[in-house]
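Next up: just one chain, as structure tokens, the form predicted alone.
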Amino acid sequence: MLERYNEIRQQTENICAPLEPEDFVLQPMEDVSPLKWHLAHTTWFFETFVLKPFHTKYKEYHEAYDFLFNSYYETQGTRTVRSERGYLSRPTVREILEYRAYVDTHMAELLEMKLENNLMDDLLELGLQHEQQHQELMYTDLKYSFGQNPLDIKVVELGENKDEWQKTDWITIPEGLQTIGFEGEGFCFDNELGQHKVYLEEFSIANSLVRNVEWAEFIEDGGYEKPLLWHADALAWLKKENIYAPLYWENNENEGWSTYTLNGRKLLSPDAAVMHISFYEAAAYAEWAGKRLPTEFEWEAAADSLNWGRRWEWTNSAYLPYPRFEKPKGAIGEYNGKFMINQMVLRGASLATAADHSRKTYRNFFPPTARWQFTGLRLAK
């Protein structure tokens, strides 16, 4: 476990290796957190939920850090307003790395004690999974921050614009009862529990994701200007935010569409799967194509027949609790359950997801306007 802990913690710092000190403080919108904050918050999680309760000789690193680096845990007290995380120049990146090292040293001490405590083991595993979630957020937040800069910043190649063409075929799932949710050994989040049966009518789902070239056809056909394709809330959002294409797309009169990637701006690869689209856009495209988005239950029922994992895939399911869902006691009960309102479910994983951090029962969720994540879609009928 100590080896795994060290590997995951090191990967977080590896993501930051190409950056300059000024890059760590960027927060161009509320949903984006500064990279410096991610480094500290993931450390605060281990300090707060593992070290303080279980390491009897542990001394808190800094009393103000509980205020600075708590994310949304109301039961842990007051905290920095989310939209103001980028206001703070101190503590410095160097000081936060020292904080990480301090906590890592004491985590190593705790793990070497080899305590037999199931609750501690569960919280430790949750902390590691939580850090992997933040690793993906670091990529998406950094991309959004650099995407506002005209300097065409290059930091890492993730294969965001990679051709992945395959002939679209339809996989048919016959009607019947499907088992939904996690069961068995290994880790899952609480929102995956409550395994249950769902009756599904026969449906078909595309074996491939919608590609950039197909999305460009949607734009050329005036898809963003056709009100009958859009939800009412979506139309208001389109007008307010002046949305006319996926996030990071730009159209040059001579060269055509391009997109910003973490390895710089690239001419759009026609056969790469479209990404950085909202649920509103995904639903409108499906309407335009004469198809629909799959529900999260249809997606899970078909997952073993799909090649998934390059984009988080929007589904047409609201984020709601499964039958018998139970919040854990204490602050950890705030992890998922309180967000089960005004969110839509995404399934799969993305090119920025940690290699061992995905499974077909994983339920990601974002509001219908979210576009800065690596989000795409596949169609159903």
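Note that the structure is predicted; figures quoted are calculated from it, not measured. Each residue number is its position in the shown sequence, starting from 1.
Absent from the display: the form predicted together with a further copy of the same chain. The rest refers to it.
- No residue in the set Pro53, Leu97 and Glu112 has a non-hydrogen atom no more than 4.5 Å from a further copy of the same chain in the predicted bound form.
- Between a further copy of the same chain and the residues Lys240, His231, Arg82, Lys162, the one pair within 4.5 Å by heavy atoms in the predicted bound form involves His231.
- Among Ala303, Ile173, Leu247, Val155, the residue placing a heavy atom within 4.5 Å of a further copy of the same chain in the predicted bound form is Val155.
- Stretch 72-80 is the contacting one of 204-212, 258-266, 184-192, 72-80, since its residues have non-hydrogen atoms within 4.5 Å of a further copy of the same chain in the predicted bound form.
- a further copy of the same chain in the predicted bound form comes within 4.5 Å of no heavy atom belonging to Lys167.
- Within this chain, Asn251 is remote from the site of a further copy of the same chain in the predicted bound form, having no heavy atom within 4.5 Å.
- In the predicted bound form, Ile341 approaches a further copy of the same chain with a heavy atom inside 4.5 Å.
- Contact annotation for Leu177: at least one heavy atom lies within 4.5 Å of a further copy of the same chain in the predicted bound form.
- Using a 4.5 Å cut-off on any heavy atom, the residues of 297-330 that reach a further copy of the same chain in the predicted bound form are, in sequence order, Asn316, Ser317, Ala318, Leu320, Pro321, Pro323, Arg324, Lys327.
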